[in-house]
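Next up: the same protein chain in two forms, each one alone, written as structure tokens (structure 1, then structure 2).
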Structure 1
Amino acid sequence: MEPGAARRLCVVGAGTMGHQIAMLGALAGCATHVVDVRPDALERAQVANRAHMARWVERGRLTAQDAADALGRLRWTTRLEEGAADADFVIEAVIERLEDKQAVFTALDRLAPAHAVLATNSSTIRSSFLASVTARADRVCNMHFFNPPLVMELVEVVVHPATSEATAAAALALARRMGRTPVLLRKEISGFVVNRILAAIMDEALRLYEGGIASFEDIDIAVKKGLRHPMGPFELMDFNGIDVAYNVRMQRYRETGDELQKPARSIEERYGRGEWGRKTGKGWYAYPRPEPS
């Protein structure tokens, strides 16, 4: 595929990441299918995207006609075969578990056109683990957007040894068309760039908390006031999802076999209790109501 040639996009997963990535695609002029097996997730995603566009119009970022045109480019379906059938570029944004993503990529390899690029939005799982279940390893890569995609500008494009230069160029070009700033990682590494740096901060914050040095509230205050971070590490865990933090560390442990890579005790406890942050109404902090995924 020539750089910039992707005109038909399929996004698999209608959670916060998926539906906002799809909205970026529609704003970039792509006819975009959003696929999710949960009809209620598709309904929530449509409501959320209409609300996002209404705010953009109110703030003068878009005209009402441009917003309506972009929303009109979105199609919603529970059937992967419908969403992938004519896609030039597919972005998977399902739960951060290897087996779930491999199942999606196995199906996509069968259903998507031969020329289509298959990208994963995973923040930690290497695309080579997904390319291995397809017959198009050269057209598989990571395309990691940050949460929330409609706000955060960065996209990490990560290639594996078999990824073609044309695939990397297509992913970079699509990110730029979406108004994002891409960076290219030419070697796979778990966590990529940003999350490896962020993980070091979070690991130290958890050590300080579990060691009884300071409360998680005071650690958050210290990081925000002392380092000028917009959120403290515990607030950020709640925002991104403690389930995500747990699954990322478990994936890293499975990859390395290193016991030190397992989730911290306090993360494991909250994960087990279903206290996953904003999405469930309670994590490190309590929230008035759960946020829709």
Structure 2
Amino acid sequence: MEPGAARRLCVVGAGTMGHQIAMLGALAGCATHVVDVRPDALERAQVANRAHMARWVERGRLTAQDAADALGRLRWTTRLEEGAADADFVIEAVIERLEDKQAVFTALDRLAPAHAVLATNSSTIRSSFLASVTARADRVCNMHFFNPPLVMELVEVVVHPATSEATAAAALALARRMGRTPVLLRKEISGFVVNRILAAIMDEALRLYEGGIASFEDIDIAVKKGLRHPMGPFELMDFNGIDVAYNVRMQRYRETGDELQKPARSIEERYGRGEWGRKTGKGWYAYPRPEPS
């Protein structure tokens, strides 16, 4: 396949990430199949995409006709064999569990045309772990979108040692056609670029706070005013979920056995108290619960 030639897309997993990645594909002009094992997830995804497009039309970002055309390019199915059968390019966005992703890649290798690229949107799983269950390692890579994909412009394309140049070029070209800005990581590394830099900022912010150097509120103000970040690190932890911060570090600790990888004391305390950020109404900051409607 020539770089940029992907015309028929298949997105596997219609959750938080998948439904919007599929919408980007349809907006880029690709006939896009969306596959999910759960019919209710497909239903929710369709409703959400119709609402996203209605807002874009309202704001003058695209015409009603273009929105209707893009929505018309989406096809929804619970059957992977139907979604993958004619795909040039597959983006997998199912839950973050290696066994589940390997099962999907094994099936995709059997069901998708031989020329098709198989990409994973995983935030933490290296594509080499998925390439190994296929007979097309050269056509496998990570294509890491950010949440929410319709808003966040960056895509990290990450190759593994056997990924071909043509596959990397096809992933970069597809991301550009979707209106995203791709960057290429030439080696697999856990956390890729953005999450590694973010982790370093979070670690330092927690060290400064736990060392009594400044309050967490003042650290947030310093980062926002001094570095022009839209959110401070503590606000961001509340936004993403303190449970997520805790689980990521516990996972890294389990993988490495390194005590230094354990969650920071102040994260562990909040996790234990169920103060997980916005989702629980309290984390570093307190969030008034929405009024019942």
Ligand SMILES: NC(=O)c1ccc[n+]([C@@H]2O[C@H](COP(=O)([O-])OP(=O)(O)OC[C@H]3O[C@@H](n4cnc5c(N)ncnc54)[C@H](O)[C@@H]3O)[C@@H](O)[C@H]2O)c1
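The term rigid core refers to the maximal set of C-alpha atoms that superpose within 1.5 Å between the two forms. All residue numbers here follow the sequence of structure 1, with the first residue given the number 1. Just so it is clear, the structure is predicted and the values come from calculations on it, not from any experiment.
**Q** Tell me which of the two structures is the form predicted alone, please.
**A** The form predicted alone is the one given as structure 1; the other form is structure 2.
**Q** If the larger rigid part is held fixed, how many degrees does the smaller one turn between structure 1 and structure 2?
**A** From C-alpha superpositions, the smaller part turns by 23 degrees.
**Q** Once you lay the two forms on top of each other by their rigid core, how far has the C-alpha of Y253 moved between structure 1 and structure 2, in Å?
**A** Looking at the C-alpha of Y253 between structure 1 and structure 2, the offset is 5.0 Å.
**Q** Could you check how much the CA of G281 shifts between structure 1 and structure 2 after a rigid core fit, in angstrom?
**A** Comparing between structure 1 and structure 2 after core fitting, G281 shifts 8.7 Å at its C-alpha.
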